[in-house]
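Below, in structure tokens: the form predicted alone, a single chain.
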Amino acid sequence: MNMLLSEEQRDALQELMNISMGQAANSLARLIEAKITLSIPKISDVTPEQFVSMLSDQTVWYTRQSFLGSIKGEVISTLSKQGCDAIGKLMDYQLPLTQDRLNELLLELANILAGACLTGFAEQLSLNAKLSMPTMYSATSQHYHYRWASTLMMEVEFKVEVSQFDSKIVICLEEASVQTLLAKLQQLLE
């Protein structure tokens, strides 16, 4: 599958991602009353091998959330193991975090960030996407089947300065949804 975006489409997509990721960062910043910095959104076509290698970092927790609607896919959130206690404290979790409370915190963070990112992104393109609840995910314990056999991947990194915590939100689109996205982008550009 060849999904090469034109330079114009990539720029437009990056700008849309920037806006929706900014909304996600604002949601979290208001909740924890801390400054959050964002990376520039990265948009890439990935092979199954690249996707699986992305899921092999042992310094982060992973969550997955599928979404359905006029676009379908999955949001993978990576949440750094470092800084979790500081974020937990900012979000009024009792420390030290038990494993159950840590999972609850990670799922809540993933849901806030992924939800705001996907919602903002879909709304700007007049698409609808309903996000499922996140689940903890371990790439090492589960054989990841190659559902994302070359996909468009959009990712951005969030850093919470006071806690050394960071998170990455990766939106993976199914092949048919990439075509829907490209058609909407083209309408936007015309």
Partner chain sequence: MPIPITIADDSLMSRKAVRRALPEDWDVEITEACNGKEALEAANSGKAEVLFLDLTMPELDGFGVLKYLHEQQSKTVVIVISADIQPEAKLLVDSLGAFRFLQKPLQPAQLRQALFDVGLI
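None of the values given here were measured: they were computed from a predicted structure. Positions refer to the first chain, counted from 1.
This next part talks about the form predicted together with its partner chain, which is not shown.
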{"item": "All of 11, 25 and 29 within 4.5 Å of its partner chain in the predicted bound form, heavy atom check", "value": "yes"}
{"item": "Its partner chain contact in the predicted bound form: residue 183, any heavy atom under 4.5 Å", "value": "no"}
{"item": "Residue contact check: residue 176 to its partner chain in the predicted bound form, 4.5 Å heavy atom", "value": "no"}
{"item": "Its partner chain contact at residue 16 in the predicted bound form, heavy atom, 4.5 Å", "value": "yes"}
{"item": "Contact test in the predicted bound form: residue 5 vs its partner chain, heavy atoms, 4.5 Å", "value": "no"}
{"item": "Heavy atom within 4.5 Å of its partner chain in the predicted bound form - the one residue of 54, 34, 153, 60 that qualifies", "value": "34"}
{"item": "Position in contact with its partner chain when the complex is considered in the predicted bound form, options 43, 162, 131, 38, heavy atoms within 4.5 Å", "value": "38"}
{"item": "Stretch 151-190: residues contacting its partner chain in the predicted bound form, 4.5 Å heavy atom cut-off", "value": "188, 189, 190"}
